[in-house]
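In structure tokens, one chain follows: the form predicted on its own.
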């Protein structure tokens, strides 16, 4: 067991301890937010035929090359073709067909002129300007072509991705199974959120924050009942959770107090303890273990500490298990908008917001935060990483940050 590891080392150790989930086949209707477990190739062209993007008349460009306001060209209308229909005859020299949006381009035609640029009756149409071959025609395969690699394995299924899959006729597809995380909160001071508060008790808000972040990362989450601060109770809870969990996550009991029992519990259960404590503020209290092949990630009981350490070290592992090809949090640099006056002799992770100002990435950091405070995380889309400093950080300094925008 290593003790007091750097955050990046701890994250790497957790990543090395997890593996990608098995796959399953699901209906497209259930696929939003899941991760593709197969490459998707186009089996057909989209669109499957050349079509008109507007209402107008389709003809041969050659037939109106001399058209002008002074010398208009009038052509007979052979028929009308609406979306879902096909012309019964080709466009021949000196003829036109009325065509509506989405309808296939008839054989022989190479130009569509919109209604507004013509004068017409039910039998003929007049043109006042030439047109270029190919104008106002959506070619076959403009969006996707047969054989094209459309979507890659490890890609999240978003709204446009699901639409693309629908357009390709993929009613069922292979995805990675969701990671099932069981959340166990330890602490005799905790009560359920709907219970009345009595002296010395607090509501368990932290577990709901963690569950939401995990769900946004693609996991399914079970919130277990609160557990008393005893070795027996915590041991029983961990043993019960491992029967159907892919990851067990606990809060509380990982520091050095008389009631911090997680290290004792995991050792007594025969778990492989990877490390205890990280050089991370907030979030130093952290125990990472593997029990019967299941990662057990034990976080601080302080809500902000637990959330920040989980986002930085556990979420990448959850995303790796979920099959994401890119599972690390994106790292970015921005310019600090205002002074951050808190001294950070050992460095500090601070929630904040990234925004663009004068075409430059700017970062605002919350100056009002604490290990037990969740409110400073609300609305934040980054976690800023401040180097050790005894004087704070001045506006205009470059700040390194981790993008958590996907999880807010």
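Positions refer to the first chain, counted from 1. None of these values were measured; they are calculated from a predicted model.
Not on display, but discussed next: the form predicted together with a small molecule.
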query: All of 185, 203 and 251 within 4.5 Å of the small molecule in the predicted bound form, heavy atom check; finding: yes
query: Proximity of residue 337 to the small molecule in the predicted bound form, heavy atoms at 4.5 Å; finding: no
query: 4.5 Å heavy atom contact, residue 80 and the small molecule in the predicted bound form; finding: no
query: Partner contact for residue 282 in the predicted bound form: the small molecule, 4.5 angstroms, heavy atom; finding: no
query: Residue 105 within 4.5 Å of the small molecule in the predicted bound form, heavy atoms; finding: no
query: Partner-proximal stretch of 296 to 304, 215 to 223, 112 to 120, 151 to 159 relative to the small molecule in the predicted bound form, 4.5 angstroms, heavy atom; finding: 296 to 304
query: Contact residue in the predicted bound form, from 125, 190, 181, 266 (heavy atom within 4.5 Å of the small molecule); finding: 190
